[in-house]
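Presented as structure tokens, the chain that follows is alone, the form predicted alone.
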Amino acid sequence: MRKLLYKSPYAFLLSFLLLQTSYADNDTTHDSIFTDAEVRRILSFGPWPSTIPADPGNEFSGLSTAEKIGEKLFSDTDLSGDKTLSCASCHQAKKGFSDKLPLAQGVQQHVRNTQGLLDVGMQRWFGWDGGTDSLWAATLRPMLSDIEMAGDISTIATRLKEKPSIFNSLTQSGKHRNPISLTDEELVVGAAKTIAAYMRTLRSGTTDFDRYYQALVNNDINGQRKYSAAAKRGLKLFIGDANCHVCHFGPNFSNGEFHDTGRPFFTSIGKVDPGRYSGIKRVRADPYNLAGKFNRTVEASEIRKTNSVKLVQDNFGQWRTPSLRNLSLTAPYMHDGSLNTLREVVDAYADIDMSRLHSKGESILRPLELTNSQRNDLVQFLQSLTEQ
């Protein structure tokens, strides 16, 4: 089998065509309920782990020394205004680097759910609304947010200067390692970039689905039989009648884009969360976006992504498609933490209220006539995407 590396959310298209070719003339052996065509579709969900691209604009990305510094800073409460919060406060390792709260709790309560960080380096846009265009900018944002960590450039920079080992490492020019003089803002941005370098290393492990995938690749009948019958039935629905694979595809089970899924816009009386609509406006205005002066790699494709994103009314109420890997660890679900269990998520999509979608909403969404057993099978498949 060809080893396929996914460096963008669209690379799956090429890989899927290659897989079609690879298996078209082979006798694919499987003991399952799947047709050969369905097996080829399943094989588009691997292999795992996939290659993680470099964090765009981040000169520290991929440097082991920076990753070690970032790991220390990830748990450092000096990055918050009152020294009570760190990145690890909301992104807890034992909870899939989430917090299991419906809504994130920083200095104030957020209106959105805390997203897990495993495999976060595979994203193109960050946050539920895609309001940042790099992992390092997404790391900096909560440090300076009034409702999250409530820090400020001057205070954080002063505290970093009191940490000789970290300060000395940050005042080196990335891969060139030449001593440089940094402004307070550059110092704090550099700290965020090392944290992002660390977060890029956070990977999810092997799941029951991955073992089944590999058994299919190897024509290993005994290995295939270890995957539960219920999970296989759920997988068949996932790639078939339920249409889940249209948005949740590739090894990371996400297209990395934004969709209207009929979830409520209102956060309280008279207040709404516009989702992607506000995210596009924010990323365009962000002084730390990839078109700004803190981009230290200056790749044309990186800048093009940010400069070319267009704001349209249809973006209102759209949310980023999350990865489904390790989702059993990160309940509750959806951008507002409104669904407590995977069964509730399945029911919400199966029984979707079409009137909640925009007039130009997601045409692939429709109510599904799923039995109770079928819904439970889908849950079993989704649970098989969590590492054991």
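For every residue, the number given is its place in the sequence shown, counted from 1. From a predicted model like this one, the values you see are computed outputs, not experimental measurements.
The same protein also has a form predicted together with heme C, omitted here; what follows describes it.
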{"item": "Candidate from 163, 141, 203, 305 lying within 4.5 Å of heme C in the predicted complex - any heavy atom", "value": "141"}
{"item": "Residue (of 263, 211, 236, 296) lying close to heme C in the predicted complex, criterion heavy atoms within 4.5 Å", "value": "263"}
{"item": "Listed range touching heme C, judged in the predicted complex by heavy atoms within 4.5 Å, from 218-226, 283-291, 306-314, 119-127", "value": "119-127"}
{"item": "Three-residue site 45, 100 and 386 fully in contact with heme C in the predicted complex at 4.5 Å by heavy atom", "value": "no"}
{"item": "Non-hydrogen atom contact residue 195 with heme C in the predicted complex at 4.5 angstroms", "value": "yes"}
{"item": "4.5 angstroms heavy atom contact with heme C in the predicted complex for residue 91", "value": "yes"}
{"item": "Contact test in the predicted complex: residue 324 vs heme C, heavy atoms, 4.5 Å", "value": "yes"}
{"item": "Touches heme C in the predicted complex: residue 155 (any heavy atom, 4.5 Å)", "value": "no"}
{"item": "Neighbours of heme C in the predicted complex among 237-256 [non-hydrogen atom within 4.5 angstroms]", "value": "238, 242, 243, 244, 247, 248"}
